[in-house]
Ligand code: BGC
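Given next, in structure tokens, is a single chain: the form predicted alone.
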């Protein structure tokens, strides 16, 4: 069957022939791929900076933002049936019995580094006509969310980041408001760095959680990303109009920063203006390159004297995927046009090289196998 992959030792990217999968274990599910999102990680792998094929293979099938339809289930599959829509997670636990996170199904916190990731590290991804996965790594998607479900995996990054922020900030009386027993960001200010898909989905997550939400991005107004941001009731601020040091004058005390830009110079500039008792969430992974100068003395003073928390978040666990389903339903109900606009366009597999190698355009482009 057809797949999109990279062959590092030949520095090739494109459509390859890949063996059709079969069930090997009783708890496995075979899935017909419907949508696979293209993200910055896929594009970076295509520059051969990283991306390791599985043992015994000279190529790596790409794709980790996927959704599909169940076409076959093993005899021990308990909760899924043929015809269900599902989204797979990405990271798989290491085998070290002493790695407590992996043994507790929190492989996103793997302590050994010996995890594998589908479409990224030592395990084929989902950018192919069908794939097989164990039930425990699949999340059921309600039919009404079928057209948006390809956004679930990138949305889980924000879900995990926010969950960690709530946990970290339970150290102090940060939250004054609760809804249904859960904390809300009402009365707090959140700044989102970047207006790519991770940033826009992060803005939606923070806005839905009650934060007064601001998106800080370099593109000047007007632009389509700003239209989405404004449509959800958040505020778009261009760095062409407002210097980072002036953000507190517009926002007030910055209680939470969700970094979704991957540019370290900008990220550390904004870290320097984080408010007292604030929490800063890093999600970006800068490309290898020269080091940057930072005022480390002042940053350290701010963190210590301001009781600030700095958190990194990568991949996501089962709870984050379930939270993403709930929030996607919320986004569709309250901002249907905005969430649909995050998906710029669906393309056939033949467009893979253009999407992976040419200059990125739009917000979220998707390869559709449907």
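Residue numbers count along the first chain shown, from 1. A quick note: this is a predicted structure, and the numbers were derived from the prediction, not measured.
Quick note: we don't show the form predicted in complex with the ligand, though the next part is all about it.
The candidate spot formed by 33, 62 and 368 is out of contact with the ligand in the predicted bound form: none of the three has a heavy atom within 4.5 Å. The partner is absent here, but in the predicted bound form a heavy atom of 314, alone among 329, 341, 314, 311, sits within 4.5 Å of the ligand. Think of it this way: in the predicted bound form, the ligand has a heavy atom of just one of 234, 254, 157, 237 within 4.5 Å, and the residue is 157. Contact check for residue 47: no non-hydrogen atom falls within 4.5 Å of the ligand in the predicted bound form. Proximity of residue 120 to the ligand in the predicted bound form: non-hydrogen atoms within 4.5 Å are present. Using a 4.5 Å cutoff between non-hydrogen atoms, residue 302 does not count as a contact of the ligand in the predicted bound form.
Taking non-hydrogen atoms only, residue 90 approaches the ligand to within 4.5 angstroms in the predicted bound form. Of the candidate stretches 329 to 337, 39 to 47, 24 to 32, 66 to 74, only 39 to 47 has residues whose heavy atoms lie within 4.5 Å of the ligand in the predicted bound form.
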